[in-house]
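In structure tokens, the next block holds one chain alone, the form predicted alone.
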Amino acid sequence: MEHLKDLFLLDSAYTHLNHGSFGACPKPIFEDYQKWQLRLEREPVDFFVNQGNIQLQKSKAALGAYIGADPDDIVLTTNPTYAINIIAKSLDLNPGDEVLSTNHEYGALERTWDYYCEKSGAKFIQQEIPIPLKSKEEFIEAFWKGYSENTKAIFISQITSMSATIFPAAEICKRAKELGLLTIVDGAHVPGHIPLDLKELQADIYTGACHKWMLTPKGCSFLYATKEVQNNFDPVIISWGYKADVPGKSLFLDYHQLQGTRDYSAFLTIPAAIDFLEKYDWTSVSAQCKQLILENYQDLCDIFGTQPVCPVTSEFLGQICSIPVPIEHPNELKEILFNRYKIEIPVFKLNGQVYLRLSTQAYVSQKDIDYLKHALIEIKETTNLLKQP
């Protein structure tokens, strides 16, 4: 994959091992982004009134084909947090109702659900999923222990941000459907990372980021909702789509897609991003990146005498993994890695345990991971930062 590094705009002075946070946009896709920005600035009125909307529909059509969804069931958003705010704000929750989730969810979305559940008197149930996770069956059993007669909806990540684990979202959605529950899935890390077919997954609501593993510029994500539920949600921002002069195909599209003046050039790069992934056979590239995770995860844990958070198999792992680290203050390790070794990698605390999360993308090689190992061993041997295992 070494030849693919030059396709990215990343500063070569640093070792970039944090693709999962914000992604990295290759040069050809970024050039397409700039093309749309320039077109907007040259003729803003025509762009917003006519041409931009035409191109927006083309982007949604390309995305729909890529993720197995009807384009009319998709609205493009800046990020998954915005998308879930649309849902949580209008979900018909009453005092005593429960939204069942896990204790592995993304922090911004935990806060979103906490906020709206507190306002309605409902409860956000973060069911404990034990680490290390031993099997899919263990996960499913642990998750449904949080179910009660008050459960109204489930909210679950398909790939978790912090524990970096693939959860059995399809099995959870299937069981939730049988129980008559609304299913809401956070797939921020999924598109371009592992196969996604929303028709097959059968979630009622799904959000994903295109600017992570699909490689678009920042601020390009989507919200999907089935036709049965999509008109139940108020717009976060009241704008021209409310009581539209020329109504569109659904309130879902009118309410959440028309929001006045904003630069949505990033949305228009989706076709170019998909073309890029096809041109460079990104399925094979991704497979090589996943293999790096499988080959190095245990070794990284061994440095600290810890264990992987899940079985080291493709059932649970993609292009990211989280290594438990025996320290108290994650920022100290992060700053040493960044300032002394010029390694960009996140270190954070989840449920009382500190983790270091490695992401592999086309610009990451075994040499880069070996350099990370060297840095971690050196820090362990020369500082008092790490507790003895």
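Keep in mind it's a predicted model, so treat the numbers as computed, not measured. Residues carry their position along the shown sequence, with the first being 1.
This protein has a second form, the form predicted in complex with a small molecule, left out of what is shown; the following refers to that one.
Enquirer: The small molecule in the model of the complex: within 4.5 Å of a heavy atom of each of Thr165, His193 and Gln291?
Expert: Judged in the model of the complex, none of Thr165, His193 and Gln291 sits within 4.5 Å of the small molecule.
Enquirer: Report whether the minimum heavy atom distance between Ala88 and the small molecule in the model of the complex is within 4.5 Å.
Expert: Judged by the heavy-atom cut-off of 4.5 Å, Ala88 is well away from the small molecule in the model of the complex.
Enquirer: Does Ile159 reach the small molecule in the model of the complex if we count a contact as any heavy atom within 4.5 Å?
Expert: Yes - in the model of the complex, heavy atoms of Ile159 and the small molecule come within 4.5 Å of each other.
Enquirer: I'd like to know whether His256 contacts the small molecule in the model of the complex, with contact meaning heavy atoms within 4.5 angstroms.
Expert: Residue-level check for His256: no, no contact with the small molecule.
Enquirer: Can you tell me if Gln366 lies within 4.5 angstroms of the small molecule in the model of the complex, counting non-hydrogen atoms only?
Expert: No, no contact at 4.5 Å.
Enquirer: Can you pick the one in Gln127, Asn296, Ser120, Thr81 that has a heavy atom within 4.5 Å of the small molecule in the model of the complex?
Expert: Residue within 4.5 Å of the partner: Thr81.
Enquirer: Note which of Tyr116, Phe276, Phe233, Tyr106 lies within 4.5 Å of the small molecule in the model of the complex, where distance is taken over heavy atoms; exactly one does.
Expert: Result of the distance check: Tyr106.
Enquirer: Looking at 185 to 193, 134 to 142, 88 to 96, 236 to 244, which stretch has residues with any non-hydrogen atom within 4.5 Å of the small molecule in the model of the complex?
Expert: Answer to the contact question: 185 to 193.
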